[in-house]
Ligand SMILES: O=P(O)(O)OC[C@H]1O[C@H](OP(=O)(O)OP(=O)(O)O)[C@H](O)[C@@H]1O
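As structure tokens, one chain now follows by itself in the form predicted on its own.
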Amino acid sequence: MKNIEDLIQKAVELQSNGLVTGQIADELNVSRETVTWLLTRSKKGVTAPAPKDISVNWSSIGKSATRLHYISLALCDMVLETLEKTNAEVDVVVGVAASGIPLASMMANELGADFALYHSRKGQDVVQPGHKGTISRNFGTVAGKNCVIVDDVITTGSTTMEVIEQLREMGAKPIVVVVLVDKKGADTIANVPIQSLVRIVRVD
């Protein structure tokens, strides 16, 4: 129960610092539904049933540049394995802000590819229909290029789907998505293969 209380406290702290639901979900590596539950549960007397979710804390990797480097090499190996099957080449590695950026930049260097940064619409508390994320203009372009998408955790797959759709609309070809942890357990999202170091499968 202590872990739940810690998550509740952290969610409340992040909200008081001005983060919105999607940003808190990203920071805690849980779904938006779980953040809503944590924030609701923080209020006295509220006992809604807990959503089925798993919090992933990979800070022991994230705080060390050396560990990030070794993990990025493992992810590159998975990308190269996928490329062997498709005979494609990587032009751009797209890091999903914020947690996918360190790994993606290291992977781009290792793979000899450009680096692009994707800002998800998760930062918006209320996602308006038609609002999309964007590729930062301060980094590499994606139009007409083969792209590898890098993020830390897939929870529901909605951010991954958003990135894939946006890249396709921009004329890019997403060839693989690589993550540290896949909580969704899908082999593909929108016909793009998913590769993860760890895949979590719930046994109910």
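When you see a residue number, it is the position in the sequence shown, counting from 1. It should be emphasised that the depicted structure is a prediction, and the values quoted were computed from it without experimental measurement. C-alpha atoms forming the largest set that superposes within 1.5 Å between two forms make up the rigid core.
Another form exists, predicted together with the named molecule; not displayed. Remarks below refer to it.
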item	value
Interface segment, criterion being heavy atoms within 4.5 Å of the named molecule in the predicted complex, picked from 152-160, 136-144, 62-70, 165-173	152-160
Close approach of Leu117 to the named molecule in the predicted complex, 4.5 Å, heavy atom	no
Contact test in the predicted complex: Ala97 vs the named molecule, heavy atoms, 4.5 Å	yes
Members of 51-89 lying within 4.5 angstroms of the named molecule, judged by heavy atom, in the predicted complex	none
Residue shift check between this form and the one not shown, rigid core fit, Arg32 Cα at least 2 Å	yes
